[in-house]
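Same protein, same chain, two forms; see structure 1 and structure 2 below, as structure tokens.
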Structure 1
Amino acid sequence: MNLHANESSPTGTYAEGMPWNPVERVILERRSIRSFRPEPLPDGMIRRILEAGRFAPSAGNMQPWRFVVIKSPEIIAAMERDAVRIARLFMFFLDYARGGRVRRAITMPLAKLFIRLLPNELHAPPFMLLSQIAQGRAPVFHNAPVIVLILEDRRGVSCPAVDIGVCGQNMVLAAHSMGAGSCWIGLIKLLRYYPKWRRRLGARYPYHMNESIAFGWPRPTADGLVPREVQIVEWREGGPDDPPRYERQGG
């Protein structure tokens, strides 16, 4: 099926082989944007993005989130500086690839310990990004004109973190549908190590500062399909004892 074809199918219908409808196209074409124009988004657009998040489904309809919109260039710049400081501090103790033999002998066991304790946070991609940030080679917030924090209410039922992900996905898709770009910024958690930011941003119990999203006008426009890993999907269609059917999802 040609994603880039001009025609689109109407929503609310399905026919075999029909073109993607506008909702599907937004989902498939949205890309993370890491370069933004300096012009701010209109407040009305930001409110519509927040409304898309507000209407996200959540376990028990608990809606375990609170939004904080940051538009001040001064505040975002201060957040950037402090996040870089924490990244440098972490990498001073964890980056065993730099320095001499004595330093490596000290830092390598420490780094391995933290990687075991925090395997998701210190997986290779975030570890390398943290190193790049500490060296001044990558920004944290990508000079975005708008940062939206999605504070997680830990009193939510089931798994509030999943609800936060669903909420944020609604927001980035809504932004893309209106021509804005977005990028998840999980490294907002670096600011948790500064009590002043937890206080200023309201990230105190029961709220947890774990995710944020950068929004702005993309520079340049980068819509388009990005290759994804082919998934082998197991279909269960017969009786309980019948073998499954396997199908490749994607090509």
Structure 2
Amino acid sequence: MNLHANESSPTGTYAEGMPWNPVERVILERRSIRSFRPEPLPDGMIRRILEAGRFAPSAGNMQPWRFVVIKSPEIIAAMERDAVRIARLFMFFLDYARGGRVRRAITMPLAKLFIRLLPNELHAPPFMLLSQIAQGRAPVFHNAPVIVLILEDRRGVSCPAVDIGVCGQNMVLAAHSMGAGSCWIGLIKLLRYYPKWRRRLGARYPYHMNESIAFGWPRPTADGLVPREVQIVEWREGGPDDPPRYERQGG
């Protein structure tokens, strides 16, 4: 059920227990949208979303990003095909949940070794989405009409990947505030294995292709509130040697 906050507080104020303000509502009700109407967002709206990215904070004001707007259905279809192809290759060697015992005996140690060596390349349950993609049961780019690639300039000070995240989330929130839908597509990384895509998309030094975001009109609208794990937060209020106080955030 599209559970929405129905009242709204004005921005720029705080009173205990007050209803969410419109900014908080966009933050809390944003959901990753993975089903879009085929027509793209108007160019003006895409530019407006990019503005939210252009004005994101970044370490040392380095702005270590470069945007590529991909609207061509032909290019997106080609990206999809090639991403699926590489997912299949990976899963051929690593997906131990499919096939018989012999296959499992070979692929499981391989998958676990891979996870140890490259701990961030596969999701913890490594093959949920990737395996489904390799089996042709889920798409990579969700048939989105617009993909915005945020290339990371590796010369950024401190940790430019964080700047990319901040910048992208600014765009995501701007998009949802205007009624568009979005989904981060980290799986664009699959295209890094193709020199031709690195060339075509400008992912060469100093740029790194880590993240992209799919945008479009949601079909159906699926923003709304969800439950999440209660988080244990450590509060430190006393002296440096006093024990912390633990609080259950959200519960």
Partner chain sequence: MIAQLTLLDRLRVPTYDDGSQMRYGALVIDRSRCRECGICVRICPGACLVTDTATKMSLLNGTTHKGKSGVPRLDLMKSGEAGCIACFDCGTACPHGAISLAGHFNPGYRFKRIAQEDVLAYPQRY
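Not measured: the values here are computed from a predicted model. Rigid core (definition): largest C-alpha set, two forms, superposition within 1.5 Å. Here, residue number means position along structure 1's sequence, counting from 1.
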query	finding
Pair member which, unlike the other, is the form predicted in complex with the partner chain	2
Post core alignment: R154 C-alpha displaced by 2 Å or more between the two structures	no
Rigid core fit then F127 CA moved by 2 Å or more between the two structures	yes
Large Cα shift (2 Å or above) at G239 between the two structures, core-fitted	yes
Following rigid core superposition, Cα shift of G99 between the two structures in Å	2.9
